[in-house]
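Okay, so we've got the same protein chain twice, two forms, each given alone as structure tokens, structure 1 and structure 2.
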Structure 1
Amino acid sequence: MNLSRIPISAWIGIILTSAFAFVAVFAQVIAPYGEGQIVGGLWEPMSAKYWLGTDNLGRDLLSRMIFGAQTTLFIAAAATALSFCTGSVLGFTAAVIGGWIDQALSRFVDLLMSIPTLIFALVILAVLPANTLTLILVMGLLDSTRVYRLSRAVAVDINVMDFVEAAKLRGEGHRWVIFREILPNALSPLVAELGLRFIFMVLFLSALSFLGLGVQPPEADWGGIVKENKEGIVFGIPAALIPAGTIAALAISVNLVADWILNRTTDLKGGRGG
């Protein structure tokens, strides 16, 4: 791959996304203070000692943001992986097998999608124990319905193409058709959707934490930091705005990378087709 051909927008996205990932992986090493360590007074301003100031309890906001990146990105990435593994496999299976299996899966997905996702998650999390595993399972399985709809729609179109029919005539089974014929040709729309679903997971987790049913204190995540410091906005304290701006920066950077990957895979397909 020629690095000089990568557009500036993609470089911006790659650098920012890599920076977020680096901070999340090495949070314990680079954070100047502990995740819940009280180091100063309430809402102290930015200074050489506290680069982003302190929060509503006197904890270093920069350290909270760093640990929050680790928690937020891990849960969002795990939930996105679960969502895509579940939704894409079921969507491809429904498209290839068809019949009553397709109808049963599609109607069940329609039923789940008729309920607002956030409300559904709040009801489930109000009953289940609040921990990281529960959040990943609830978020991933609820969002897999969106991935299912996309995967099935793409697979239905690919399933009627000549090379798929040829594979069926050779006697290839459903597993071969799904993973060797349909999946490679469905990657472009799935990659584009992957970036969007990951950002949705970040926003979803932040909303749950802001409402009190996401990541539980004293563990930090960006949505929880907004909730903890929202009263400071009235007094002109930016502690709640910093994580909100960070979420926006992450969303932009991931989408820049996803758009570049989508354009590149589309160009490569076009070149092979010619």
Structure 2
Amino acid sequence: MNLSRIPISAWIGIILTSAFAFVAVFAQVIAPYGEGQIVGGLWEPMSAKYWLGTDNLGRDLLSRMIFGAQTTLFIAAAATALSFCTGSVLGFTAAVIGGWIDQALSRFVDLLMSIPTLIFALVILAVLPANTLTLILVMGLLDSTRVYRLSRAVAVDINVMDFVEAAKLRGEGHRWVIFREILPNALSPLVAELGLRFIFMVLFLSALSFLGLGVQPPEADWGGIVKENKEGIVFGIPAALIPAGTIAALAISVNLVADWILNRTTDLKGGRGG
């Protein structure tokens, strides 16, 4: 691959995204203070000692942000992975087997998608215990409906191609057809979608935590940090804007990468220039 052909916007996206990932992985090493460690007064301004100031309980905001990156990115990535595994396997299965299984799955997905995701998540979270596993399951499974739609649509096209017909005629089972014939050929549109789903997960998780229904304190995550510091805004203390802005920065940089991959994959299909 020729590195100089990557557009500048994609470079910005790649560098920022990797920086976020690096911070998330090595949070324990990078963070200057502990996650719940109270180090100073309430809402101290930015200083050499506390780069981003302190939060509503006097914890170092930078350290909270770094640990928050770990929590937020981990949950979002896990939920995205769950959503992709469930959605694509079910979508391919529906397309390959067809018949009543396809009908039943597709109608059920239609039904789930006619309820706004956030609202349905709130309804379910009202009865489920508040912990990380629940969050990942609820977010991942609710979002898998979208992946299901995409992968079913892609697989229906591939399913009628000659090499798939050939595999079926020589007596391969459904499992072979799905994982060896369809999956490799459906990968590029799915990868392009991956970035968009990941952003959606980050925004979704942040919204839930902001509403107080996601990650529970004292654990830090970006949406939760906004919630903790929102009272300060009225007094002109911008602490809540930092995590909110960081979420936006992450989302924009992943978007830039996803946009570039999307353009590349349409090129592969003989799409417009480049």
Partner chain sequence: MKAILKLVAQRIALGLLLLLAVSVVIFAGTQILPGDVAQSILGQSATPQALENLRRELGLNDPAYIRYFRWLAGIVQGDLGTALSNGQDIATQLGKRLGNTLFLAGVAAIVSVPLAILLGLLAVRYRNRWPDKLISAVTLASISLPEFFIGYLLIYFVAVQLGWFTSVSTVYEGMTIGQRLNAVALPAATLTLVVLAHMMRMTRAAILNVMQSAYIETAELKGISAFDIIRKHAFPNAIAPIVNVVMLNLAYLVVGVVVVEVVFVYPGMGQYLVDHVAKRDVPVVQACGLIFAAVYISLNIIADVVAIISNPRLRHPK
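In this text, rigid core is short for the largest set of C-alphas that superpose within 1.5 Å between two forms. The shown structure was predicted, so the numbers you read here are calculated from the model rather than taken from an experiment. Just so we're on the same page, residue numbers count up from 1 along structure 1's sequence.
J.: Tell me which of the two structures is the form predicted alone, please.
T.: That would be structure 1, which is the form predicted alone.
J.: Is the shift of Ala48 between structures 1 and 2 large enough to count as movement, that is, does its C-alpha move by 2 Å or more after the core is superposed?
T.: For Ala48, whose C-alpha is compared between structures 1 and 2 after core superposition, the shift is less than 2 Å.
J.: Would Val39 count as moving between structures 1 and 2, using a Cα shift of 2 angstroms or more after superposing the core as the test?
T.: It does not reach a 2 Å shift.
J.: Superpose on the rigid core, then tell me if the C-alpha of Leu211 is displaced by 2 angstroms or more between structures 1 and 2.
T.: No, its C-alpha moves less than 2 Å.
J.: Relative to the superposed core, what is the Cα shift for Gly13 between structures 1 and 2, in Å?
T.: Comparing the two forms, Gly13 shifts 2.4 Å at C-alpha.
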